[in-house]
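Listed next as C-alpha cells is one chain, alone, in the form predicted on its own.
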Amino acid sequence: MPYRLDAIDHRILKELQEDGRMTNVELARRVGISPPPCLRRVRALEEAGFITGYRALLDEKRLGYEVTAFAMVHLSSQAEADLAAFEAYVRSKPLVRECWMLSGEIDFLLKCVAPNLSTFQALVAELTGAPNVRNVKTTLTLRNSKNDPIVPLELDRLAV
C-alpha cells in the first residue's frame, strides 16, 4: 500500500528541507508532536523514499569551479542500450553535475562545472568523442538567478 502523507508529514518534510541538520527534538517542537513519534515518522518517510538523503550544499565558486555551463548532447542512436551506455558514461564524469534525458531534438542536457574554460573545453572534447555521440552544443552561464533545491510542498498539497 502506498504511503499517504498527512499534514504532519508535510510539515516534517518542509522543515527538513529548510534545515536538515536540526535535532529530532527541535523538529518535533516545530511540527507540534513529541520526539518519539517524530523520529518514527522521519524513518517511515526515509523508508518510503520521500527522503532520499541528507547533504551539505556547497558553494562551487568558492571551491574554485568558476565555470558553469550546459552541454546539449545529440546521440546517433536512441536505442535503449545506447541511452543507458551514455548515462553510465556521464556518471563517471565528476564535472558533469546533472544529466537530464530530454524529448525532442536534443537527447541529453548536462549541467557541468569546471575550474576554468580550458578544463571545460577538454570535457566537451571527451563528450564529443564518446561512443554514439553525434554532436555536442554548449552554452556558458553568466549568472544564476534562482537556485532553489527545495521541492515546493505547498503546491503538492494543493494537488492532493
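Just count from 1 along the sequence shown to find any residue number. The structure displayed is predicted, hence computed values, not measured ones.
Keep in mind that the form predicted in complex with the DNA is not shown, yet the notes after this line are about it.
Trainee: Tell me, which of 130, 33, 67, 51 has a heavy atom within 4.5 angstroms of the DNA in the predicted bound form?
Mentor: Checking each option against the DNA in the predicted bound form, the one that comes within 4.5 Å is 33.
Trainee: Out of 93, 29, 111, 41, which one falls within 4.5 Å of the DNA in the predicted bound form, going by heavy atoms?
Mentor: Exactly one listed residue reaches within 4.5 Å, namely 41.
Trainee: The chain here is shown without the DNA. Which stretch in 56-64, 41-49, 117-125, 97-105 comes within 4.5 angstroms of it in the predicted bound form, by heavy atom distance?
Mentor: Answer to the contact question: 41-49.
Trainee: Taking heavy atoms only, is residue 144 within 4.5 angstroms of the DNA in the predicted bound form?
Mentor: Contact check for residue 144: no, nothing within 4.5 Å of the DNA in the predicted bound form.
Trainee: Residue 23 versus the DNA, in the predicted bound form: is there a non-hydrogen atom within 4.5 Å?
Mentor: The answer is yes: residue 23 has a heavy atom within 4.5 Å of the DNA.
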